[in-house]
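Let's start with one chain on its own, the form predicted on its own, as C-alpha cells.
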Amino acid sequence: MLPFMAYGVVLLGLNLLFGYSGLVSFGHALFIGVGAYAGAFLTGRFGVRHLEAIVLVAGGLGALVAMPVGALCVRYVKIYFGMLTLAFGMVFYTFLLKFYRLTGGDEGMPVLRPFLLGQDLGAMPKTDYLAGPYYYYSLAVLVVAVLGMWRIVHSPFGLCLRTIRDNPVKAETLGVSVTRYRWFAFVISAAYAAAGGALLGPPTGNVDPTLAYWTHSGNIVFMTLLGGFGSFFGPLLGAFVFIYLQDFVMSLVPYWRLVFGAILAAIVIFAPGGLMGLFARGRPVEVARG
C-alpha cells in the first residue's frame, strides 16, 4: 500500500492536467524524479531528516522546475504537448544518469530514514517502521492531498480548466487566459508529482534514474486511464488496481509482463471509461475531451 499512497498523490496532480485540462503529459516522471532526488539530497547531503520539510521542499522544487518547462509546453496541445514533456523528461533522466559524481549515476543515491513529526525512529526495525508510523504518515499525506485537490477542482479555477478543456476558443472569448490557466495547472500538477516522489524513496532507501524514465511516465498515464480520468477518484482506483495486479501477476508467472499487459488491455477495451466508468453505468459519466 505504500506505493499506492505515493502514486495516489502523483496521480491527483496528473489528473488535474489530464482529466481537467485535457493535456496528456508523457514526461511527468521528471517531477517524480525531482521529488525523489530532493529527498535523497536533503537527508544525505544537507542533514534534513524531517519528512514534513522534505515533502514541502520537494513539492516546491517540482513547481520551480515546472515553471520554465510549463511555460514552453503549454503553448502546444495534444501530441505536441505530450512529446515536449517526454523530451524534457528524457533530458532529466540523462542528467541523472550521466552526472555520476552528483547523482550517483545508474546506482542512484541513498535516502536516509526520515523523522516523522519530529520523532527519530531510527531504532525501530525497518519493517515495523514502514508498516506502522510511515504507513499512517503516508496515508495522512494522501488525505491532505485529496482534500487540497478536491478544493482546487471545485473552485472557479477548476471550472475554468474544464471550460478550457471542453472549448478553449470559447474560453478565450469569455476572457479566460487559456495559456496562463494551463500553466498554473502544469505547475500544480508538478508539485503534486514531486511530493509523491518524495514518498517513494524512504521505503526502498534508495532512488535511481529509472524513476525519471519514460516508461515510468507511461505507467502513471496508464494508471489514470485504467481508473478513469473523467472521475476525481478514478486515478486513485487505477493506481490501486495497477499496483495490486502487478504484484499478483509477478508472484504467479515468470512472463508476468505479457500476462499483465493482456489483462490491462482487456480492462481498457471493455471499460473505455476506466473502472470508475463501470460503476457509473446507467448514468452520465463526465469524460474529458481533448
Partner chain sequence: MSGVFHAAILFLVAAGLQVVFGVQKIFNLACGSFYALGAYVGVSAVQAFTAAGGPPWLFVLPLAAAGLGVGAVGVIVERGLLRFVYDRDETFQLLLTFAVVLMMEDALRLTWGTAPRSTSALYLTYGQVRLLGAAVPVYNLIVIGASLAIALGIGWLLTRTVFGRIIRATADNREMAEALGVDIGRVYARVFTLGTALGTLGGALVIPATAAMSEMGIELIVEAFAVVVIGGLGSMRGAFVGALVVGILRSVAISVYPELEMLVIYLIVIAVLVLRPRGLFGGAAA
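Residue numbers count along the first chain shown, from 1. The model shown is predicted, which means the values in this text are computed figures rather than measured ones.
What comes next is about the form predicted together with the partner chain, which does not appear here.
So in the predicted complex, are L102, Y135 and F233 all sitting within 4.5 Å of the partner chain, heavy atoms only? No residue of the spot touches the partner chain in the predicted complex.
Which residue, V176, L84, V153, V146, is the contact with the partner chain in the predicted complex, using a 4.5 Å heavy atom cutoff? Checking each option against the partner chain in the predicted complex, the one that comes within 4.5 Å is L84.
Can you pick out, from F157, F115, F95, F184, the residue that has a heavy atom within 4.5 Å of the partner chain in the predicted complex? By the 4.5 Å heavy-atom cutoff, the listed residue in contact is F95.
At 4.5 Å between heavy atoms, only one of the stretches 165 to 173, 185 to 193, 214 to 222, 135 to 143 reaches the partner chain in the predicted complex; which one is it? Looking at the partner contacts, the answer comes out as 214 to 222.
Do M67 and the partner chain share at least one heavy atom pair within 4.5 Å in the predicted complex? Outside the cut-off, so no.
State yes or no: in the predicted complex, is some non-hydrogen atom of F18 no more than 4.5 angstroms from a non-hydrogen atom of the partner chain? Judged by the heavy-atom cut-off of 4.5 Å, F18 is in contact with the partner chain in the predicted complex.
Counting only non-hydrogen atoms and a 4.5 angstroms cut-off, does W256 reach the partner chain in the predicted complex? Yes, W256 is a contact residue.
K126: touches the partner chain in the predicted complex, heavy atom cutoff 4.5 angstroms: No, no contact at 4.5 Å.
Which residues within 63 to 96 place at least one heavy atom within 4.5 Å of the partner chain in the predicted complex? Stretch hits, in order: L72, R75, Y76, K78, I79, Y80, M83, L84, L86, A87, F88, M90, V91, T94, F95.
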